[in-house]
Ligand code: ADP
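Just one chain follows, in the form predicted alone, and it is written as structure tokens.
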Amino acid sequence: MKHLLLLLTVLCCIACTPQSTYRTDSGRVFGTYYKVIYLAPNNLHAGIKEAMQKVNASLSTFDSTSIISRVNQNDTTVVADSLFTLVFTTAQQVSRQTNGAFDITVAPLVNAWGFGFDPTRTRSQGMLDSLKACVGYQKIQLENAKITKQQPCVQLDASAIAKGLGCDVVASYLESQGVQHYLIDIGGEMRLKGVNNQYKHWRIGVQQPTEDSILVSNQVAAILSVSNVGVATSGNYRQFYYQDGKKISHTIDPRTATPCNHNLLSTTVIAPTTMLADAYATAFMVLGDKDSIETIANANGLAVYLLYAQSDSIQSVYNTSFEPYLLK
């Protein structure tokens, strides 16, 4: 009788155990969309949103109470949290490795060209020259959770790395809940692990950009089969405007104080974390097609895919690390 009761108890527990299923949660965050697909017995959307809100509270320049906003306001009492510290140290590392092509102190220039948290589209060469004194990753330091600046006008813009961090933070939360299969997409930046509902690596497409168009074409330049990596794509074909007949791109070169003007249309980077992929994707867009092609040959730990305009066609090039991800 005891054995029968024990068996019935076990069967009841199994019957009450929620079945894991692939779930999809979506919404808006950081001024863009997000979508998270994950295999779990319970809905985890509340925890996912909480994880993203932590990133927002640390790194949103549109929230006046965030840590990065308080740094920009020269609040001497602000103390960096772990997310701000991680982003800052990673950004400085990428800045050094790309000779300043990536630089989170670019905020004054991004604002001056109309793409930042305090945008304007009226500027003079004198104004841009004066802003150069406010830009440079060497002009700001973080030590013992405190920020020091060489100039009070130095301001930070983490938009080229924060979405990637958001993907990583959500991934960390999901894994803390035992989730081992997921796709996290925040504004096109992705973190992926495990397999999809067809028990295959996640399949994602790299869109074929259309030069001088606010839209991307319906064509796919490449299909990737990926897992256990972060993926980020940066391009100059979505965010831009025309002024006096000239195309003004949202990618600003912090070294020249001007929008990038070259043939590179998009760059896709695969890295161990989405934060790294996000930062390097931006750095390559600043470097341009020629310098990026030279650089990707030595991009240790990164898989890089470039699409650039040449004559009347769009060409592609990638390093050997990228080839295993291409779905033939």
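Note that the structure is a prediction, hence the values are computed from the model and not measured. Residue positions are given as counts along the sequence shown, with the first one as 1.
Keep in mind that the form predicted together with the named molecule is missing from the display, and what follows is about it.
S.K.: Among the candidate stretches 51-59, 38-46, 64-72, 282-290, which one is within 4.5 Å of the named molecule in the predicted complex when only heavy atoms are counted?
M.R.: Contact-bearing stretch, as computed: 282-290.
S.K.: Hey, with the named molecule in the predicted complex, do D185, V226 and T274 all fall inside the 4.5 Å heavy atom range?
M.R.: Answer is no for this spot.
S.K.: To verify the annotation, which of these, A160, A171, V87, M190, has a non-hydrogen atom within 4.5 Å of the named molecule in the predicted complex?
M.R.: That would be A160.
S.K.: Looking at A101, V154, I204, A80, which has any heavy atom no more than 4.5 Å from the named molecule in the predicted complex?
M.R.: None of the other options qualify; the answer is A101.
S.K.: Can you check whether A257 is within 4.5 Å of the named molecule in the predicted complex, heavy atom basis?
M.R.: Contact with the named molecule, no.
S.K.: Is V106 one of the residues lying within 4.5 Å of the named molecule in the predicted complex, judged by heavy atom distances?
M.R.: Yes.
S.K.: Do A112 and the named molecule come within 4.5 Å of each other in the predicted complex, heavy atoms counted?
M.R.: Because no heavy atom of A112 falls inside 4.5 Å of the named molecule in the predicted complex, the answer is no.
S.K.: Spell out, yes or no, whether the shortest heavy atom distance between G235 and the named molecule in the predicted complex is within 4.5 Å.
M.R.: Contact check for G235: yes, within 4.5 Å of the named molecule in the predicted complex.
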